[in-house]
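Below sits a lone chain in structure tokens, taken as the form predicted on its own.
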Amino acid sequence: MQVQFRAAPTRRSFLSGTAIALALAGTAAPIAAQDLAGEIRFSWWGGQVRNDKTDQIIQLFEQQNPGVRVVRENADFAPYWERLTIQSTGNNQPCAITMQSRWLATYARPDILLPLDDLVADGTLDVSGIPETVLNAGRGADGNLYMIPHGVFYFALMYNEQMLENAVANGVEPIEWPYTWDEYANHLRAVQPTLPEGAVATHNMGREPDAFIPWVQSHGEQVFDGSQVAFSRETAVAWFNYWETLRNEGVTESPEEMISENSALVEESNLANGRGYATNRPPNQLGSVQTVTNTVNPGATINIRPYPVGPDGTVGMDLGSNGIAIGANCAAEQLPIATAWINFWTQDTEAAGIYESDNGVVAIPDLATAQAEDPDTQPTQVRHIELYQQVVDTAKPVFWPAGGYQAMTDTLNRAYDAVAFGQLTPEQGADQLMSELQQQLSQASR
């Protein structure tokens, strides 16, 4: 089903705008009344847009707390975790650390991150409005709470609306969710002949963990069981065969282009430049992708849709959480600032309005609803929130063991690349994936 962006969102939620404003008026913690003084370091990942938003929120916090200084430490995603690992080894991690559920198990130890349950219990940390299921995503394997979630993220598909419109004008049936993986493949096959010369219907996602996970879960299997690989060899073989079939049919790019496209900047990507109809990217990037597309391919509109479901209709989409943790090395005199900062980031309505669910849909449902209903919210952010609300009730959050996400990324990349370049059969690729993945998980759990 084709979804058009709107200039202003419809009011389809359970609260009216006036009711939301009244309901949220009391959620902001009285930070300024605490008379804080001192300095903390705060780290996060992201590009320039997120950096700018974060800087605005920090400035707002510092204005309300004139005696406080927040030292900024930002990096791109992969270097962020590399740096945090080095910092943690030297007991030099920041007081306030942006954390993600996919990476939490690697750091969820009392000597790296401060357990937060007591601070929640005595009211120092305000978790009002955060659903219990979302809050529990901040727990480690030992049961302790190590992160206060502020954003819920998910993964989905992006596509070019104009290419779809052209395909429909040429007789291609629109696709409506829920659609199965086979139905989605047939849709891509139908779209391919309608595309401009040199364009492909889809980026080859055979090496992409964020696409492989919903494949596994939509086929009724778990990704992990503790630190053990839980999906079957049959499911991995079927995954490789799915993408090899589409690649050999010319529906995806070549193996060389597949690797280049995976690491390409948005400015150079097939999607932004009109060389591809569909790909996988985090929906919270929809706004930045659209902004880049407006420059490099004016007139093109990018939209998002859910991943396919399994043969029996099972939804396999994953949900994760981003939030803020406190370093175990955070000094006692810094702890009040760190907790006030977390409360401000998660509960303050003005801070939430600045951030606009940039790193996951804001964890407090009322704040998310308010953003979606605010006429000033960018249409891309409205769409991001709407799709989240569409899939949240049926999604299946994955518990990632220590080192799990990096291990999955490394081993799936290697295995499918070898298959795509003809070095391994899909069966051999599945064997390599499962063997190497388990080896890395076992090493990380020691």
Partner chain sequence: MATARTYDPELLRAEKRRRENMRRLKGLGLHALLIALLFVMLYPVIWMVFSALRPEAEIFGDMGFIPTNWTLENFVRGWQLYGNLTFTQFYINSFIICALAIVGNLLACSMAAYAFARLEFRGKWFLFAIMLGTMMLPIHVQLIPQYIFFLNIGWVNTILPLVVPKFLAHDAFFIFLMVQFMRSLPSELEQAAVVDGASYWQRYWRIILPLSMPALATTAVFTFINTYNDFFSQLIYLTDTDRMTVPVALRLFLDPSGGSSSFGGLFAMVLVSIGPVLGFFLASQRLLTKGIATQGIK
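Fair warning: this is a prediction, and the values are worked out from it, not measured in the lab. Residue numbers count along the first chain shown, from 1.
Keep in mind that the form predicted in complex with its partner chain is missing from the display, and what follows is about it.
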### Message
Is it the case that Asp52, even though its partner is missing from this view, gets within 4.5 Å of its partner chain in the predicted complex, heavy atoms only?
### Response
yes
### Message
Ser288 versus its partner chain, in the predicted complex: is there a non-hydrogen atom within 4.5 Å?
### Response
yes
### Query
Quick one: does Gly47 come within 4.5 Å of its partner chain in the predicted complex, counting heavy atoms only?
yes
### Query
Given that the partner is absent here, does Glu244 sit within 4.5 Å of its partner chain in the predicted complex, heavy atoms only?
no
### Single option in Ala121, Ile86, Ala331, Ala230 placed near its partner chain in the predicted complex, where near means a heavy atom within 4.5 Å
Ile86
### Query
Pick from Ala199, Val71, Ala141, Leu335: which residue has any heavy atom within 4.5 angstroms of its partner chain in the predicted complex?
Val71
### Query
Which of these stretches, 294-302, 158-166, 250-258, 177-185, has heavy atoms within 4.5 Å of its partner chain in the predicted complex?
294-302
### Query
Using a 4.5 Å cut-off on heavy atoms, which residues of 174-200 contact its partner chain in the predicted complex?
none
